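Below sits a lone chain in structure tokens, taken as the form predicted alone.
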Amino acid sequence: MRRMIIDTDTAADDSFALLVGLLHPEAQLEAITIVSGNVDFDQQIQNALITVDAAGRGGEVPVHIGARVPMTRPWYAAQAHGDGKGNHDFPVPAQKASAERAADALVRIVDENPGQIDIVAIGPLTNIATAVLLDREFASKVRQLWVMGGCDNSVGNVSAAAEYNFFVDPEAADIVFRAGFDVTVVTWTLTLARALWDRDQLAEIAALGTPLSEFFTILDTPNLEFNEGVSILGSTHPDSLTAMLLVRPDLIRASSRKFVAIEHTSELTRGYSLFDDRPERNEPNATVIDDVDADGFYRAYLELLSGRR
């Protein structure tokens, strides 16, 4: 059983990652923290609460409001996937966001449970960096930090240099990767290679006919449409892959220790993630997932949506 906090900018695939934390038998989701990212901030809060409801867990897992803007830079919502909930009108959840701020909740929960809490960070790293600044021992008390971000020295998805999460708040990412976490990175590069689901797979999910598969299909449709408009032939699932690998490490086929650093001073390469596998040049500070069982991941998620646990 992995006790976890998911830090999220709740667009569609973030919600799918939340379902892993909410429903997988090897996951115990302690809290959800919201950070500015892909969608209008207040909508992100609602999307998280809607997802908790969809999982049948309403009122059981607190949702904490975090940083509404990056640490030093202006912020804009990418809106690549609509409003993050499939542009669908779901019932208004009865649960409300917690009054405790996200960074305070992160510090408190980890401090009360040193060495027991994993953090899955699937948005910009503003909340995690803020927690580091609040408590200098925070990183050493987190069991593992799993980060979805970066593009392993390859072309990014928001600029030629950068993946979105690191681009939005590179200063926060720099703080986090210098803080001393036991950190594992799942990149956008890996997503395109191993977490891209085509129309046949999405049709198989829809054919399950469960409330969860219907919820998935509603949320995923704008993701698929956007991707096909930019010649990506399927829907992408980096966030749910990151959450699933934490509870299903058997799906990892290859990983490596690398030095990871994020560029935050150059506007031309803002958010660029350097991955260096030469330990004689730079001491490794992260485990990078290099390959996964793509079909195994898809099948594990299919089972989650089927309602079989």
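Predicted model only: the values in this text are computed from it and were never measured. All residue numbers refer to positions in the sequence shown, first residue = 1.
One more form of this protein should be noted, the form predicted in complex with a small molecule, which is absent from this view; the next part is about it.
Taking N157, S213, T184, T130 one by one, only a single residue has any non-hydrogen atom within 4.5 Å of the small molecule in the predicted bound form, and it is N157. Contact annotation: of the candidates T51, N38, T33, S273, the single residue with a non-hydrogen atom within 4.5 angstroms of the small molecule in the predicted bound form is N38.
When contacts are judged by a 4.5 Å heavy atom cut-off, F177 does not count as touching the small molecule in the predicted bound form. Proximity of G84 to the small molecule in the predicted bound form falls outside the 4.5 Å heavy atom cutoff. Using a 4.5 angstroms limit between non-hydrogen atoms, P170 is distant from the small molecule in the predicted bound form. Using a 4.5 angstroms threshold between heavy atoms, I122 counts as touching the small molecule in the predicted bound form. Partner contact region in the predicted bound form: 161-169, out of 198-206, 132-140, 161-169, 102-110, criterion any non-hydrogen atom within 4.5 Å of the small molecule.
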